[in-house]
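Heads up, the chain below is alone and in the form predicted alone; it's given as structure tokens.
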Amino acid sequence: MDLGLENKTVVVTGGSSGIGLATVRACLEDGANVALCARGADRLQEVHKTLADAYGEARVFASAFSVLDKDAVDAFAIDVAERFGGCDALVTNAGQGRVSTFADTSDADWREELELKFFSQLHPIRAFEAMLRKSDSGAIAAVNSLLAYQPEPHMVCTSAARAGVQNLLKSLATELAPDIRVNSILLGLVDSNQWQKRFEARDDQEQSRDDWYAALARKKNIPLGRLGRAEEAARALVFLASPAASYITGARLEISGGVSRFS
């Protein structure tokens, strides 16, 4: 299926690893120009070189900064406009989960988590809104979590923040229509550096990676019997951000292997 991304410009935050990088690659494969950002300058520089070698320097732009730095995000948007002439789709992908209960989450932890989850959406959306409105296919595709609807007792703070973000995205889908579509994906367990670190710290160091992940999937009651892959989440994001999803807005798409408990 032709997604209609040829010569479009897609911006991806948190684009140097995991789902973000998989999304960048998928967009480039479909013919889009891509601007990506991430905090780690060294890692981003390596990724940029690899992508530029594979897809051409003219189609890739990268900048290192935190999306919590409003001035840096605004400057990035100006650079993207100068480099590509505008922006057709924005993929917001930033922020990991915080493991904590209500009892052991401090006020400072709450503020830090809420700021990260909300402003990693707000700053990029505000910075690129005008360009997205000018596009004939403006779209925002946000990465969120099943925690928004299915809170976990050991992730109280993150669950609450994720729920608030999902509410925000639903509101924006109405407020920004008809110029900009706003959709999200809700992630279950997806293989990532976070899970790799937990595997490396496993109790039984003789247990293989495949066996450890299979046991985790059983413990979490994932019907498909495994964790998701970054590229599986990326394909959903690219579709929602593309003109092929032109009549979809305000939607949430689960990428969870069937683990959700809500209808």
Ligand code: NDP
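Predicted, not measured: the structure shown is a model, and the values here were computed from it. Note that residue numbering follows the sequence shown and begins at 1.
There is also a form predicted in complex with the ligand; it is not shown, and the following applies to it.
Q: Would Gly138 show up as a contact with the ligand in the predicted complex if we use heavy atoms at 4.5 Å?
A: Gly138 lies outside the contact set for the ligand.
Q: How about Val91 - does it come within 4.5 Å of the ligand in the predicted complex, if we only consider non-hydrogen atoms?
A: Flag for Val91 set to no.
Q: If we define contact as a non-hydrogen atom of the residue within 4.5 angstroms of the partner, is Gln45 a contact of the ligand in the predicted complex?
A: Contact check for Gln45: no, nothing within 4.5 Å of the ligand in the predicted complex.
Q: So in the predicted complex, does any heavy atom of His123 sit within 4.5 Å of the ligand?
A: It does not: once the ligand is placed as it appears in the predicted complex, His123 has no heavy atom within 4.5 Å of it.
Q: Given that the partner is absent here, state which listed stretch (27-35, 204-212, 217-225, 59-67) has heavy atoms within 4.5 Å of the ligand in the predicted complex.
A: The contacting stretch here is 59-67.
Q: Has each of Ile19, Val143 and Gly188 got a heavy atom lying within 4.5 angstroms of the ligand in the predicted complex?
A: Result yes, every residue of the spot touches the ligand.
Q: Note which of Gln166, Ser192, Ser159, Ser100 lies within 4.5 Å of the ligand in the predicted complex, where distance is taken over heavy atoms; exactly one does.
A: Looking at the other structure, the residue within range turns out to be Ser192.
Q: Quick one: which residues from 96-119 get a non-hydrogen atom within 4.5 Å of the ligand in the predicted complex?
A: Result: Gln96, Gly97, Leu116.
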